[in-house]
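There is one chain below, alone, in C-alpha cells, taken in the form predicted alone.
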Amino acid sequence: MVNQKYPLSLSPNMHHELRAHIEKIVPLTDEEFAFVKEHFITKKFKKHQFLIQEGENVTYSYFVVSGLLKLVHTDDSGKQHIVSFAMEDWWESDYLAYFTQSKATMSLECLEDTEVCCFTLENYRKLCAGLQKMEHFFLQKANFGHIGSQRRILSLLTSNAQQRYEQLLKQYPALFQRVPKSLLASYLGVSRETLSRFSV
C-alpha cells in the first residue's frame, strides 16, 4: 500500500544530503539552498511499501537519502520486468507519468526502509524558473539519465548474460550486497540459477 503519512519538512540530515548532492554539479549559497529546500518535502517508507503503484497518479519525483527502491513494469501477461534500482544519491519516479501527469505504468517499491526527499511537478517547475542553477542541475541529471539508458539498451542488444552481469558488478557492486539474487536475475534477464553460476 502507498504510504499516506503526512509529509514532513526536511530534517537537518536531509538538508545536508540534498545540498551535497546538488553541489556535485552546481555550487549554492546559503540563500539559494534555503530557496531550494522550500520546494521539497520528506517521506519515510517501510520495506515492501509502495511509493508509486501502477494505474495511480504520480505526484512526486524522489531523491533517495537512504534505502533502496525497485522500479517495475508488469506486462499484460502478469510478468514483472525490473526497469531499475535506486539507492542513496539517486533519483527515481515513473517519469512518463510524472511529466505528462498521466497514470503510472510502473510501480516503485521499497526493498529496504527508505527515506526520500521529493517534490511535485509544480514545485519542480517553480524551482527551475526561480533559480537558473537548478535548471542547469536537472538538465545535467537528465543527460546522465539518457546516457545510462542508452548504455543499458546497448548492453541488452550486444552483450551476453555473463557480460551484463560483469558490467553491473563493476558499475554498481553495492547492489550485489543489498538486492536478492532473484531480483538481480530478473533485471539482467537471466534465471536465478544462471546468475548463481556467474557468481561462483
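Numbers follow the displayed sequence, beginning with 1. No experiment lies behind these values; they were computed from the predicted model shown.
One more form of this protein should be noted, the form predicted together with another copy of the chain, which is absent from this view; the next part is about it.
*Asks:* Select, from the options 30-38, 149-157, 167-175, 55-63, the stretch whose residues sit within 4.5 angstroms of another copy of the chain in the predicted bound form by heavy atom distance.
*Replies:* Looking at the other structure, the answer is 149-157.
*Asks:* May I ask you to choose, among 104, 71, 118, 110, the residue with a heavy atom within 4.5 Å of another copy of the chain in the predicted bound form?
*Replies:* The option sitting close enough to the partner is 71.
*Asks:* Evaluate residue 136 for contact with another copy of the chain in the predicted bound form, applying a 4.5 angstroms cut-off between non-hydrogen atoms, and reply yes or no.
*Replies:* Yes, residue 136 sits close enough to another copy of the chain in the predicted bound form that at least one of its heavy atoms falls within 4.5 Å.
*Asks:* Check whether residue 99 has any heavy atom within 4.5 Å of a heavy atom of another copy of the chain in the predicted bound form, and answer yes or no.
*Replies:* The answer is yes: residue 99 has a heavy atom within 4.5 Å of another copy of the chain.
*Asks:* Can you check whether residue 124 is within 4.5 Å of another copy of the chain in the predicted bound form, heavy atom basis?
*Replies:* Residue 124: yes, in contact with another copy of the chain in the predicted bound form.
*Asks:* Going by a heavy atom distance of 4.5 Å, is residue 90 a contact of another copy of the chain in the predicted bound form?
*Replies:* Judged by the heavy-atom cut-off of 4.5 Å, residue 90 is well away from another copy of the chain in the predicted bound form.
*Asks:* Heavy atom within 4.5 Å of another copy of the chain in the predicted bound form: which residues of 107-129 qualify?
*Replies:* Going through 107-129 in order - heavy atoms within 4.5 Å of another copy of the chain in the predicted bound form - the hits are 124, 128, 129.
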